[in-house]
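The chain below stands alone and is given in structure tokens; this is the form predicted alone.
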């Protein structure tokens, strides 16, 4: 079963609770945290890959705890014709999904490693990176 990518948004009231631990312990899920952030108001956002037989049960548990659960349905698309291989996107990509291929020094994009943080969209001077829903 391929991993499910989901976006979790949780309120401040549960930011300090071990919700990911419960997914692993109670639902026997394998979790890969791709991105996580807690803002100054203690509201949180996480992007996860979730694998296991009880994925839906685990996601239902999160919803009962007050966590908003959404499938990661956005994706980043690279317009090859617009890209000049300047590398502005590679410096800010947190997962290494955008990287220089050596020795050619061409920018390459690994969509599977992308967490759709959209930093590359803002960084690209040629507007070669686009968000698709």
Partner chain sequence: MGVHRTFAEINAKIKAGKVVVVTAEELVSLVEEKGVKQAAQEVDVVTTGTFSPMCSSGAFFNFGHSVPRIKFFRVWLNDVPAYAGLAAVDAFLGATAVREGDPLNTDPPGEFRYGGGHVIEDLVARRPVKLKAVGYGTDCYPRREIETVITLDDINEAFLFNPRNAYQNYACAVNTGDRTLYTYMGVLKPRLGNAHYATSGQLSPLLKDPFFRTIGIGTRIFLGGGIGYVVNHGTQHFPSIPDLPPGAVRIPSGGTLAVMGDLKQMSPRWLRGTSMLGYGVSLSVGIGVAIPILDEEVCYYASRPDRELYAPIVDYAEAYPQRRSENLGWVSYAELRSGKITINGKEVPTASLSSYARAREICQILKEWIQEGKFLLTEPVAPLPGPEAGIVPKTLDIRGVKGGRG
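All values derive from a computational prediction rather than experimental measurement. Positions refer to the first chain, counted from 1.
Quick note: we don't show the form predicted together with its partner chain, though the next part is all about it.
In the model of the complex, at least one heavy atom of residue 87 sits within 4.5 Å of a heavy atom of its partner chain. When its partner chain is considered in the model of the complex, residue 25 lies well away from it, no heavy atom lying within 4.5 Å. The shortest heavy atom separation between residue 77 and its partner chain in the model of the complex exceeds 4.5 Å. Proximity of residue 131 to its partner chain in the model of the complex: non-hydrogen atoms within 4.5 Å are absent; the residue sits far from the partner. Site residues 100, 103 and 106 are all in contact with its partner chain in the model of the complex, judged by any heavy atom within 4.5 Å. Heavy atoms within 4.5 Å of its partner chain in the model of the complex map, among the stretches 92-100, 62-70, 45-53, 27-35, onto 92-100 alone.
For the candidate set 111, 18, 11, 125, a heavy atom within 4.5 Å of its partner chain in the model of the complex is found for exactly one residue, namely 125. Compared with the form shown here, the Cα atoms of residue 51 and residue 94 move at least 3 Å farther apart in the model of the complex. One change in the model of the complex concerns residue 95 and residue 50, whose Cα atoms lie at least 3 Å farther apart than in this form.
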